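So this first bit is one chain, no partners, the form predicted on its own, shown in structure tokens.
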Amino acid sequence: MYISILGRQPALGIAELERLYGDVTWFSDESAIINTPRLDFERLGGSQKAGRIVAELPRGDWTAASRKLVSAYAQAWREREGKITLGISSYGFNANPREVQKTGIILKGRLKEVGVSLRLIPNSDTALSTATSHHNKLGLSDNKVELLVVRNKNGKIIIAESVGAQNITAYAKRDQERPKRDAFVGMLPPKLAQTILNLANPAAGARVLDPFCGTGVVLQEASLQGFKVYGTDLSDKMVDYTTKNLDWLAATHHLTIDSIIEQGDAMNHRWSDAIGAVACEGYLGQPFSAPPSPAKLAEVRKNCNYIMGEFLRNIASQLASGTPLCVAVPAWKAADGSFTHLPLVSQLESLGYTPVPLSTVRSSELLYYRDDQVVARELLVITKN
């Protein structure tokens, strides 16, 4: 079993885990337990860190967790060869960074007594940042260890050995070093593209369609996971950009990519190959730096609803029953934090689709946005009837 430290929007992270692994439950507001014998962490976009669960305490505070940790690892590592690099991250405790650091110092002293060398990563906060964990390669080898110590509201404690943190270096490379980028059409983060793909959850070997492919970010992530890809876009420029970016990915990551990339209007295009899944960011309308007037919002909402509705009607006749889709559509955040949704969100069954039921979150919680953004992405996780 594993525990995941979820990302900035935990609902998206746990929904992604549920779609991929099924048996997933909340442990705390920021973590989830995954009942699986193997976790492919590199595949996840919505989890900051994850670890293999090695110990549990029914109740306790940081003092209890610290004693358990020191006792267990002073014994387990007493004959460990080579220098150990250790980081400790605490979640959900009423403890300060100094207390967390003190636990590591005590363990370091116990191991020094038996001739084992340990380098302790300093805690500027109670939990190491993703960047610190990643740059120190914690969780990626036997002698580079991060212990994730998580407490929930009921006082239960889980201790887990990290299997890695988000690879921010690889994300930055895929995002910033690809040859073609275009801020005008939007900059879909690779992490979000991963999450969209995983929420669709294509079958192994499927051909994944992005009918609004833009610069090809979703198709890049699908290619890295070994899927065949199919991209279309209304703009010939975006078709060219996607093609060049996939060529770059194939060359830099030593991949053979099975791709079809062509120009096409998603509202009436006829796709030429069988589609195993759809994963895309649809038409989001114009960006806003502040909430628009009611009249302007009504105009933009109507236009987006028309385009996305026509797309869903068009592709419905071309998909086999049961085909999974994850489609990002716009939702607009008001000054009071409420959201205005597309009308089609409540009309999916009449368009030929069934929302995928999730046990961990409500569909309405699948919103990706930042605090300063007006236009959010609402992720529709659906299947073709």
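We number the residues from 1 along the sequence you see. Given the structure is predicted, the values throughout are model-derived calculations rather than measurements.
A second form of this protein, the form predicted together with a small molecule, is not displayed here; the remarks below concern that form.
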(message) in the predicted bound form, does Ser235 come within 4.5 Å of the small molecule, counting heavy atoms only?
(response) yes
(message) Gly264 versus the small molecule, in the predicted bound form: is there a non-hydrogen atom within 4.5 Å?
(response) yes
(message) Taking the small molecule as it sits in the predicted bound form, is Gly92 in contact with it (heavy atom to heavy atom, 4.5 Å or less)?
(response) no
(message) Is it the case that Pro190, even though its partner is missing from this view, gets within 4.5 Å of the small molecule in the predicted bound form, heavy atoms only?
(response) no
(message) Counting any non-hydrogen atom inside 4.5 Å, which residue from Val300, Leu284, Ile121, Ile257 sits next to the small molecule in the predicted bound form?
(response) Leu284
(request) State the residue from Leu128, Val217, Ile315, Leu147 whose non-hydrogen atoms include one within 4.5 Å of the small molecule in the predicted bound form. (result) Val217
(message) Among the candidate stretches 113-121, 289-297, 265-273, 99-107, which one is within 4.5 Å of the small molecule in the predicted bound form when only heavy atoms are counted?
(response) 265-273
